[in-house]
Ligand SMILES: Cc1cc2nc3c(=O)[nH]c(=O)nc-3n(C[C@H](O)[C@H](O)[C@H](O)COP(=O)(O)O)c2cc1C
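Encoded as structure tokens, the following chain is the form predicted alone, with no partner shown.
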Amino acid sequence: MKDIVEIARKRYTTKHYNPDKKLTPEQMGAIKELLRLAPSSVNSQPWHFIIAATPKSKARIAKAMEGLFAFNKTRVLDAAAVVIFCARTQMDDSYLQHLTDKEREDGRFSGNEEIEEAGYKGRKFFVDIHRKTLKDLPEWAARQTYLNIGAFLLGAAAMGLDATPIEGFDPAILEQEFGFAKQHLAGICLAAVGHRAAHDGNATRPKSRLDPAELFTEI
């Protein structure tokens, strides 16, 4: 098993992809599992993913990279695949019950109805803080989705793949193309994944991070 710290040291944001190198079916399956298994607060899983891995599907996403964001267009078109990370803008009681039903199906409660009820009430308590008290559910769901993005980037590196998180896109064009609002979703970020090009200069630049003394306060 590779050392996770060494993987973190070596991974970087890829700027140029090799358009001729594709993902194997096994790699695509592993990527989907990385996305599916990521952590979220109270296992709320407030996300949905659109995956594009063909020239035609990637071109649909690249429409959102004109004008100010044109510098990201080739990254989308040349990468082996692109993921749109979508956050839920609504989480009603039926969705919370759906999560509990799936947990029961997966054997998390071992037939214990008290544990199941407590799990549902606990999740509803925290979700209601954002639905009803703070009234910031879309922003909260977006924060949860960024947890997924972080796990995805490190996981892709562990698989020997290169990746690029992308916030430089026109959300209005992406909305027009995919109709997120009607699905109670918001496309908050993209990630390209694939294999770096030989001329990708970012691959050879030293990683730069703030020193530990500046970052950590141990108490």
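All values reported here derive from a predicted model rather than from experimental measurement. Counting begins at 1, following the sequence as shown.
We do not show the form predicted together with the named molecule, though everything after this point is about it.
Within this chain, residue 164 lines the site of the named molecule in the predicted bound form, having a heavy atom no more than 4.5 Å away.
Remark: residue 145 does not count among the residues lining the named molecule in the predicted bound form, judged by a heavy atom distance of 4.5 Å or less. In the predicted bound form, the named molecule lies within 4.5 Å of some heavy atom of residue 75. Mapping the unseen interface onto this chain, residue 71 counts among the residues with a heavy atom inside 4.5 Å of the named molecule in the predicted bound form. Contacts of stretch 9-24 with the named molecule in the predicted bound form, defined by any heavy atom lying within 4.5 Å, are made by 11, 12, 13, 15, listed in sequence order.
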